[in-house]
Ligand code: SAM
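In the form predicted alone, a lone chain appears below as structure tokens.
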Amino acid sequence: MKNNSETTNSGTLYICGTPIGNLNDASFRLIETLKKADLIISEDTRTTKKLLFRYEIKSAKVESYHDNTEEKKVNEIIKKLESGLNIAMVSESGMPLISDPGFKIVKICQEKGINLTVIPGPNAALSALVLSGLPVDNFLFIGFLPKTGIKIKKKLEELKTFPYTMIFYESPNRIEELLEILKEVFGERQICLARELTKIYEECIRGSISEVIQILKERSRKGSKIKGEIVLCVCGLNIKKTEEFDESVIKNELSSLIKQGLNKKDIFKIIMNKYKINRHDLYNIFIKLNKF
């Protein structure tokens, strides 16, 4: 198996972060990469062509690529890379793979030892996080939640005890429904609703879930429904540690977190944030469960 430091005779797949709204956020390295690429594969060629026009990149060949692209087309892209062509991958905006297409091709490239590199760029989730005023030392990116209310509740139930700031993506048509469900499952939390980031009408609405719901309802009554792509940051659970802990309770919580697929480091952090238990005692209980 090859790692990123190994080179092959293949071309290189450049995973390119592009502006999330303001075309002036394109980096010099991104522009240079798009100019030199033999091919640009794009989630939305119309959006990409606007970027190319803005920076007078006239010779670039652009083809569409998304998660539903036929296997035949994917194989063609891989063969082009293996033949030595350099390909730039871009999503509609932001970083490919982050709630956007691209993972399938990146995974195949990694398996075949094809050269990969990243051209860093703007990201809506991190931009909203640093604007939110919520804790940034630990955060959890969720992206888009399921479509139906029942599945949304189930997912939020899994997340409600996490002590990290959580980041969600949502459409303006569904945001009020999500906030209502969020309040029902999480209770009252501090949140930040960020929209139209880097654009003219960039806005951050901060407050409790109830306060933000009220703001949105008031706007709707005035005929000014919220628009634009939305990033929602939600404060993690702030639990005061209990004076005592019961070993059977700790075992149950450990088992539940293990089943969720969390690693030991994150599991210990969640438990120690909730109970007055030191790492040594927690580790001993962890061992008793025969989970390593």
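Note that the structure is predicted; figures quoted are calculated from it, not measured. Counting begins at 1, following the sequence as shown.
In what follows, reference is made to the form predicted in complex with this ligand, a form of this protein that is not presented.
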{"property": "Option from 74-82, 179-187, 156-164, 98-106 whose residues, in the model of the complex, bring a heavy atom within 4.5 Å of this ligand", "result": "98-106"}
{"property": "Distance check, residue 169 to this ligand in the model of the complex, heavy atom within 4.5 Å", "result": "yes"}
{"property": "Interface membership of residue 124, this ligand in the model of the complex, 4.5 Å heavy atom rule", "result": "yes"}
{"property": "is_contact(residue 201, this ligand) in the model of the complex, heavy atom dist at most 4.5 Å", "result": "no"}
{"property": "Residue contact check: residue 132 to this ligand in the model of the complex, 4.5 Å heavy atom", "result": "no"}
{"property": "In the model of the complex, the residue from 231, 34, 235, 254 that sits within 4.5 Å of this ligand by heavy atoms", "result": "231"}
{"property": "Interface residue in the model of the complex among 197, 87, 209, 145, criterion: non-hydrogen atom within 4.5 angstroms of this ligand", "result": "197"}
{"property": "Residues in 15-30 close to this ligand in the model of the complex, defined by a heavy atom within 4.5 Å, in order", "result": "20"}
